[in-house]
Ligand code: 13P
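As a starting point, one isolated chain is supplied in structure tokens, in the form predicted on its own.
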Amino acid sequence: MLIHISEIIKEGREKKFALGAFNTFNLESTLGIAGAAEEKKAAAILQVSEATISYAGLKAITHIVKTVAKNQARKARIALHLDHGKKFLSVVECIKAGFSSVMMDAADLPFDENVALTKKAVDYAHKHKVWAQGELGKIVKEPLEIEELRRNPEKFLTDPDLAREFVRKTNVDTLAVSIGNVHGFYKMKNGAPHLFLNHLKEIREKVNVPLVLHGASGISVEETKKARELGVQIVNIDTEIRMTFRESLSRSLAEAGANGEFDPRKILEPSIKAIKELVKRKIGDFGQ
């Protein structure tokens, strides 16, 4: 079933687990993620990005998530979230579509501009009883930036004192932080950098809202557990879902070519199952 994110954040805090925030991009990924939450009778966040909205259409992907959550995940508790909203219009449209949480990602802007745009999104969200997430610090993706992060982490990490000021000025409900986590596929081939857990501890001491770990694909179970113990309440998984979908689909297409199968439903079904098994494992890793 679909519920407000505040309810499952409260559940996670009381039962000491982190919520997996899993990116969906089509019907198959939604079925896989929701199916995993259903089998585990778990709480989870299904999130969509602006790229997914552009690809699938906001109404289409929203209806897919709502319909699957209502009819095929009745034992699960699912919240719908906008991931990395770069435009205020995206925030507005997703709130109107029924999202219970939205992210205004203005982390690439100077601090004062990040505060101003994030606060605008927060104020609008709160008027509609929706939670809002902000981001502070630079969560890198490109190979050269990742190597620079290893050599000069302070250039990218969230400043604990600025984090406290950011939360106070914007009134965000959740805060995405940079503690050595990185986005994208490069780390999956070359190894994810280690998290700066002492830095996370400093942020936690100065910020009392739930912290969000973006770019968590490829991070070890042990480090994720330590991050959870230090205040991370939401863990985002995107790259591993897309990789799992692609790898499963590649195998299915190869088999279809060999045996003459042409039914797309049969070709795509293994990808649903592969995503479901991945998400079930992640839900367990995060403490449920």
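Note that residue numbering follows the sequence shown and begins at 1. Keep in mind that what you see is a predicted model, and the values were worked out from it rather than measured.
Keep in mind the form predicted in complex with this ligand is missing from the figure; the text below concerns it.
- Comparing 254-262, 235-243, 220-228, 66-74 against this ligand in the model of the complex, the single stretch with non-hydrogen atoms within 4.5 angstroms of it is 235-243.
- Although the partner is absent here, Gln47 is a contact residue: one of its heavy atoms lies within 4.5 angstroms of this ligand in the model of the complex.
- In the model of the complex, Asp83 approaches this ligand with a heavy atom inside 4.5 Å.
- Looking at Pro193, you'd find every heavy atom of it more than 4.5 angstroms from this ligand in the model of the complex.
- Taking non-hydrogen atoms only, Ala79 never approaches this ligand to within 4.5 angstroms in the model of the complex.
- Listed residues Ala121, Leu136, Val172, Val182 were compared with this ligand in the model of the complex; Val182 is the one with a heavy atom within 4.5 Å.
- Of all the residues from 90-115, none has a non-hydrogen atom no more than 4.5 Å from this ligand in the model of the complex.
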